[in-house]
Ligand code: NAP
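This document starts with one chain, in the form predicted on its own, laid out as structure tokens.
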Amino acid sequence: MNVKYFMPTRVVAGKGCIVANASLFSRLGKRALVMTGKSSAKKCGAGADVERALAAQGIACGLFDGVEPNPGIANCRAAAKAARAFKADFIVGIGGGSPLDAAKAVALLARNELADEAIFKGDYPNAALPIVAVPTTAGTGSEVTQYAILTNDAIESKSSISWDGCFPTLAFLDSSYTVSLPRGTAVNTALDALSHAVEGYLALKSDAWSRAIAYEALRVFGNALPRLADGYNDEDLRSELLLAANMAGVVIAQTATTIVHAMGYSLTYFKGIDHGRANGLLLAPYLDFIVEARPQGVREVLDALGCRDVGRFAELLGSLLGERESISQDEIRKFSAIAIKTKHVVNTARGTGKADIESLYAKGLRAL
């Protein structure tokens, strides 16, 4: 039996957990660069809590609030320059997947001079700065993964930094930061986390440990998603989704993702479809496709979600997705040609050719 499990991130959860555990910051240094998007960290209160906790420990706080949606290499280089100028000892990322992934890339680039083509290769000469992650959405699980997903214009898609040095040292989970999320954002991030749990459970790299965590995440999603379809005002629901997203992040840190993510990247890059929604559009066709290779695994996924079959799963997703986007035949061919070249293909339990990917796109969206 060949099994590996590595999770070096300390996770602290609960309302007010940042201020209550402010002393944990003091172990990381005396100067922190806080990275956020334009407004979400201020709106939800996480930024103020981090500033208060840092001040209580006598830690100087710099701010880079220019993280872009789906950040690219240039955006991260600008933030890394700010980190070096501030002489940051560690990085604090606050937000959804974009600020958290950017924080990891910046922690790496602040200590390593790398050409664009070397950023995604691993085996870097110098350790990254320590990273503290504060998710304000219940979706990406980035606070407990070694991945930083960046827009890569050179390949017209997204590329992943995958390096153990990018695991955050510390993650704070406080569901009160998700209260101000628009319902659409809450749905899309939940679908992203759901895709992590589903893909992780069925990935070729899965094992008994990762499946046990994925199953529990799926069980929580099975209870939470029908309630999310009705609204996002339930405090317990927000807490459950944040925990499930965190567990799903732990899963993909061990298993990585599959063809669903590779396909979703083109939907985001070329069509501007939110990453989580892009994955959600493809999940039901993916289960139908993968069942031939993993019938028991698919059955277990559906059982955990409380769905009698893939059709019921598709109905559940439909209640969250609403009207699906259209996709042309030219787009299907172009996107499939990109996806087939990715490492995600070899982690997919069923042999996957270009024609299979084209079929999945056609089934997940409205093919023209």
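Heads up: residue numbers just count along the shown sequence, starting at 1. What you are looking at is a predicted structure, and each value in this text was computed from that prediction instead of being measured.
FYI, the form predicted in complex with this ligand isn't displayed, but the following is about it.
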Check: Ok, Gly264, Gly96, Pro168, Gly200: which has a heavy atom sitting within 4.5 Å of this ligand in the model of the complex?
Finding: Gly96
Item checked: Contact flag, Ser40 vs this ligand in the model of the complex, heavy atom cut 4.5 Å -> yes
Checklist line | Exercise: Thr258 in contact with this ligand in the model of the complex, heavy atom 4.5 Å | finding: no
Checklist line | Non-hydrogen atom contact Phe172 with this ligand in the model of the complex at 4.5 angstroms | finding: no
Check: Contact between Asn70 and this ligand in the model of the complex at 4.5 Å, heavy atoms?
Finding: yes
Notebook entry, point to check: Looking in the model of the complex, is this ligand within 4.5 Å of a heavy atom from each of Thr145, Tyr177 and Thr189?
Noted result: yes
Check: this ligand isn't shown here, but in the model of the complex, which of 329-337, 302-310, 31-39, 316-324 has heavy atoms within 4.5 Å of it?
Finding: 31-39
Check: Is any part of 291-323 within 4.5 angstroms of this ligand in the model of the complex by a non-hydrogen atom, and which residues would that be?
Finding: none
